[in-house]
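In the block that follows, a single chain appears as structure tokens, in the form predicted on its own.
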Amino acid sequence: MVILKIEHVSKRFGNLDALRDVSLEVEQGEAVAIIGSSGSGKSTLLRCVNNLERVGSGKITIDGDVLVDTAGGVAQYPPEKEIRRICTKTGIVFQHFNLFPHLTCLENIMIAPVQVLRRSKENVRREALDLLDVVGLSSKAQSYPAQLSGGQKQRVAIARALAMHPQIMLFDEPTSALDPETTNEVIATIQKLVAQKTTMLIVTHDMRFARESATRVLFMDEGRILEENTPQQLFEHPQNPRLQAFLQSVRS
């Protein structure tokens, strides 16, 4: 079953083509990693899926619902209320956590299901405690973000996104702001989600993580997907010269 379908999406920032005719499908249970150099369009693509950026043209479908389509050369979005409903099918984890500093870990996880989905506090609380257990932070339920390490903050952010029961999880460079030790904590948490067949689209600069965790890897360059394959094939037998050069640069 296709959870995310991106068809011929393009996006410009002024005179810069950030995305050029990008098409991609993500099946249920897949963990798809996107690699490439800075400015290749990775994060822009992710932000378009979550409506943090709007496309210039193309079509994006999330779990059967059309977020944007193009008619007469113009990208057309549904009413704002419908956009918000569709976007609840995605959970996004950012590079810099974006936790509310005045709320405890438990409260950070509970706030969106209670306020956005209008679920009962009692049920959400139980689920939030279970999610803290999933990410290995049961003892931190009443702690505030300032009392946590970077890796712990990121794991709380993952639990917060999961609390919305998304059809697909989006990760935007989830380890780039972390030191090696805390990076390993976050990777272990994401690998647990991979084992549980959580559908994920992951923008990452960490080649080891992409190789060891993803079920499929895409390479982007100058706003285009130039190559995609299994991690083993893409890293060990790259076909595109741009990918070959990129892998050589990150190894040196």
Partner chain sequence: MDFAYIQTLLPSLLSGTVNTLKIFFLTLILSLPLGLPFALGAISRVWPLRFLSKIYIWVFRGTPLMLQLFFVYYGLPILAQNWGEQWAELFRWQNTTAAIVTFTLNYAAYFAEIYRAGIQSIDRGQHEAAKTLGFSRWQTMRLIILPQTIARVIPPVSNEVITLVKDTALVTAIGVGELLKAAKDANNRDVDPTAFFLAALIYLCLTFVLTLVSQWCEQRFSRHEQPIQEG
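All figures in this text were calculated on a predicted structure; none of them were measured in a lab. Residue numbers count along the first chain shown, from 1.
Only in words, not in the display: the form predicted in complex with the partner chain, which the text now covers.
Contact with the partner chain in the predicted complex, defined as a heavy atom within 4.5 Å, is made by all three of T90, Q115 and R118. Under a 4.5 angstroms non-hydrogen atom cutoff, the partner chain in the predicted complex lacks T183 among its neighbouring residues. In the predicted complex, the partner chain sits within 4.5 Å of a heavy atom of N98. In the predicted complex, the partner chain stays beyond 4.5 Å of every heavy atom belonging to V194. Under a 4.5 angstroms non-hydrogen atom cutoff, the partner chain in the predicted complex has Y144 among its neighbouring residues.
The stretch in contact with the partner chain in the predicted complex, judged by heavy atoms within 4.5 Å, is 46-54, chosen from 216-224, 59-67, 200-208, 46-54.
Put simply, of M164, L178, L132, I168 only one has a heavy atom within 4.5 Å of the partner chain in the predicted complex, and it is M164.
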